[in-house]
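Here we start with a single chain on its own, the form predicted alone, put down as structure tokens.
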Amino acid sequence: MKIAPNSKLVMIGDSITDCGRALPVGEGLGPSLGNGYVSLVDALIRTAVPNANIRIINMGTSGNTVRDLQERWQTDVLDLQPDWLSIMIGINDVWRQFDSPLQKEWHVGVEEYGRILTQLVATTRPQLQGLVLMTPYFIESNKSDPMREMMDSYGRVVKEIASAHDAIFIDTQAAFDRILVHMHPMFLTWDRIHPSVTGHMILAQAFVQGVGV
């Protein structure tokens, strides 16, 4: 496993990461890590490498865009002094452009998205042992769907940033696409965004494979 024993891993993002985690800091037993992929990552690592003692902290916040991450970066990332950091953000940056088309002030275009995420990564990466960047996704197999097309463009930005800053790149969209060959999106999600337990396991497996578990 690429994450060294006794490391602290902070996982930050939006509602997909949040999943009802404890406030102000999502850490500990029971529901503290939420009921999504973060808790599954914790369980998979503890099962596969029980003596690694990886300390996982969930700092996802529902509804967040990359702008929101920037506002809380000091308290929710830097002050926690993680050894490893995982970021999955961008779904709301895209989604607001489709479900709230008239509220232009809520929209985070791909250029702004890339600029802010690059700034956060560039200033934080030197302090970390390791960084994981996970793409946003849209659980839709039709790649011509407008929201899927836009989400893919944001995912390409994440890939570029990961390459430039020595980060592990997790293509969550590709992980879902592999499953969508065999099942309809509605089996995995009611809104093509918030996944079922199966969907969260897809994310968790992609993560642990990325970090070499």
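Residue positions are given as counts along the sequence shown, with the first one as 1. Just so it is clear, the model here is predicted, and its values are computed rather than measured.
Heads up, the form predicted together with another copy of the chain isn't pictured, but that's what we're talking about next.
This chain is drawn without another copy of the chain; in the model of the complex, the residue among R125, R96, R72, R115 with a heavy atom within 4.5 Å of it is R96. Each of S39, H184 and I202 places at least one heavy atom within 4.5 Å of another copy of the chain in the model of the complex. Another copy of the chain in the model of the complex comes within 4.5 Å of a heavy atom belonging to D145. When another copy of the chain is considered in the model of the complex, L23 lies well away from it, no heavy atom lying within 4.5 Å. Taking non-hydrogen atoms only, Q81 never approaches another copy of the chain to within 4.5 angstroms in the model of the complex. Contact annotation for T47: at least one heavy atom lies within 4.5 Å of another copy of the chain in the model of the complex.
Within 4.5 angstroms of another copy of the chain in the model of the complex, the stretch 25-64 places a non-hydrogen atom from each of E27, G28, L29, S39, L40, D42, A43, L44, R46, T47, P50, N51, N53, I54, R55, taken in sequence order.
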